[in-house]
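In the block that follows, a single chain appears as C-alpha cells, in the form predicted on its own.
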Amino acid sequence: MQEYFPQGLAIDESFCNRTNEKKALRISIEGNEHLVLVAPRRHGKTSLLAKVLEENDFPGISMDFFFVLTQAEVVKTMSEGVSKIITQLLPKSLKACKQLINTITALNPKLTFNLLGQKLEISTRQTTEKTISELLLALDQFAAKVKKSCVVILDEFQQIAELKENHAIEAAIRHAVERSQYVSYIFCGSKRHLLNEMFSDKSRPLYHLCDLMTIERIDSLAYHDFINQRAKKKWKKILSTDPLEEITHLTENHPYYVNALCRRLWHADKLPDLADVRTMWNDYVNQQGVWITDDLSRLSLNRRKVLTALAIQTTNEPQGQEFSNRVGLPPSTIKKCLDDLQKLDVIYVKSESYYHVLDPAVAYFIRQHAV
C-alpha cells in the first residue's frame, strides 16, 4: 500500500492536502523571497517542497547537510548542489552552453557531455568562507543571465550550527543570500530550537534574514476525506465515522503515523472497523517498543517523570501545584526539564499553551506501560 500511504516521499496520489502551504511557498518563490521552513521530523517537509517544485516547474536543488561534519564538507555539498542546478538551467545548445559558461569563469567550470546528457563540474581556490559566497553569488549571476528563477533548499541546515566555524559559514551565506535576485533560498531542518536560534538570535549572522513558515499537522477533515478516497479504491466503500476518527485520534494527525497505521489497515481484505484500528495501532506501537524504550532510557529520570505525566495528561500549567504534585518535582526542576525536552524535540506547545508529547507512538506506549 506504499502508493497510498508511503514510508518515504509522498508523491502523486499519496500526497495529502497542504493547499495553503503550497500556495504560500509558490508565492514566496515567485517573489524571489527566502524562508525558514520549520517542522518536526517526519512531518512531510521534503514531500511538500518536492510537490511545490514539481507542480510549478521550478528549477531547484536540495542540499542535505545532515552528514556534514566539517567546513570542507559544507563547501563540497554546496559545490555539488550549485553544479547540479546550473546544469538544470543550461540550454540544450552546445554553443549557447559554452557562451553562458564563460560568465562563471571564477568557478573554473568544466562542461562535459555523455549519453546521460551534460554535466558541469566547478571549483574555486578561495578560502572556505569566500568559496561559499562565490558559489552562491555565481549561481544568482548565472540565473540572471538565463533569466530563470530557481530554488535552493538547504535541508537539515541546523547542522551548520554544530560546526566550530559556524558563524563564519553563516556570514558567508548571508552575504550571498542578501544579494540574490533570481535564487530563492529555503532553510529547513528537524531540530527546531537550533534552527530558530540561528535566525532569531541578534548575535548570529543570519538574524532575521528570512521569513518564518511553520508546518503544522494536517487537519482531521482533510485526512478523513483523503483516507476515504483510498478506501473507495480498495474496498469500494468508505469507512464509518468511528474508525475514521479513531485513526486521526490515535495518530494525532502525525503524517508519518497516519501513513504507518493506514498502510497496515489497507493490507486487510475487509473494511476496518473501530476494533481493527485499535488493535492494529496497539500492535504497531508495541512492535516499536524496543526503539521507544531505548530513546526513553537516554533521558534523565526527572525528564522521564515530566514526559510520562504529559503523556498521561497534557497541561497548560506545568509549573502549577497540581502538576508539581503529580510529577513529584518542584516547579524550577519542571521548568528545566520542559526546556530540555523542547530542545530535544520530544515535547511541543500547542494551542492555549498546552504541552504535548510530540510523538504519538511514544505517548501511547508510555500510557500503556506507566505504573
Ligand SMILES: Nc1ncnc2c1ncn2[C@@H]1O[C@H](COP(=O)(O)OP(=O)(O)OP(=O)(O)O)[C@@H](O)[C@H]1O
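Keep in mind that what you see is a predicted model, and the values were worked out from it rather than measured. Don't overthink the numbering: it's just position in the shown sequence, from 1.
Beyond the structure shown, there is the form predicted together with the ligand, which is absent from this document and is the topic of what follows.
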| query | finding |
| --- | --- |
| Heavy atom of D140 within 4.5 Å of the ligand in the predicted complex | no |
| Contact flag, T46 vs the ligand in the predicted complex, heavy atom cut 4.5 Å | yes |
| Residue contact check: E156 to the ligand in the predicted complex, 4.5 Å heavy atom | yes |
| Contact of R41 with the ligand in the predicted complex (heavy atom, 4.5 Å) | yes |
| The ligand: the contacting residue among I218, V177, I247, V82 in the predicted complex [heavy atom, 4.5 Å] | I218 |
| Contacting member of N259, Q71, S149, T251, with respect to the ligand in the predicted complex [4.5 Å, heavy atom] | N259 |
| Stretch in contact in the predicted complex with the ligand, which is absent here, among 272 to 280, 178 to 186, 235 to 243, 218 to 226 (heavy atoms within 4.5 Å) | 218 to 226 |
| In the predicted complex: members of 5 to 35 within 4.5 Å of the ligand, any heavy atom | P6, Q7, G8, L9, A10, S14, F15, C16, R18 |
